[in-house]
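What follows is one chain in structure tokens, specifically the form predicted on its own.
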């Protein structure tokens, strides 16, 4: 069984999404705090990012935010987190998030969330890490992503085994149990960056 002490959550910085997405972010934050799983996230105070960070903090949990200097003002860097790391660029941000995390969870979000999702999946495909990646399909939000990956496989741009790079769960209440079921994973990526 994989031991997840630190969970990276990719999610939207927009507050304009569905209320069910907002509720999912808050609920996952509460569950993480109860389980004493540290949140690693994009460092913003706004949108789903802010909601999950606040929920973890309100539950007495630890939150590490990682935000590039140029986004610190745009995404309103969350000064109330346990630790806020300001990076020089997006690449350094994503590397640091991966380094500090045992697994990855994707909640609804926009282009930035897609960028982070595809990068961490590509790193897994290239065997730079073997950490669990869970996509939380709140209200069917990520079904088009699943369809796209299936289409890539159908058109021979991805291999059938690439579908196993991530696992879909229907709701945030399934996240921690799904991670507990997963086998031990390699953490070679950490050795590369440390």
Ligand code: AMP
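From a predicted model like this one, the values you see are computed outputs, not experimental measurements. Positions refer to the first chain, counted from 1.
Missing here is the form predicted in complex with ligand AMP; even so, the following discussion is about that form.
With a 4.5 Å heavy atom cut-off, would you call residue 109 a contact of ligand AMP in the predicted bound form?
Within the cut-off, so yes.
Would residue 49 count as touching ligand AMP in the predicted bound form under a 4.5 Å heavy atom rule?
Result yes; residue 49 sits at the interface with ligand AMP in the predicted bound form.
Please determine whether residue 71 contacts ligand AMP in the predicted bound form, using a 4.5 Å cut-off between heavy atoms.
The answer is yes: residue 71 has a heavy atom within 4.5 Å of ligand AMP.
I'd like to know whether residue 87 contacts ligand AMP in the predicted bound form, with contact meaning heavy atoms within 4.5 angstroms.
No, residue 87 sits far enough from ligand AMP in the predicted bound form that none of its heavy atoms falls within 4.5 Å.
Can you name the residues of 82 to 104 that have a non-hydrogen atom within 4.5 angstroms of ligand AMP in the predicted bound form?
Going through 82 to 104 in order - heavy atoms within 4.5 Å of ligand AMP in the predicted bound form - the hits are 90, 93, 94.
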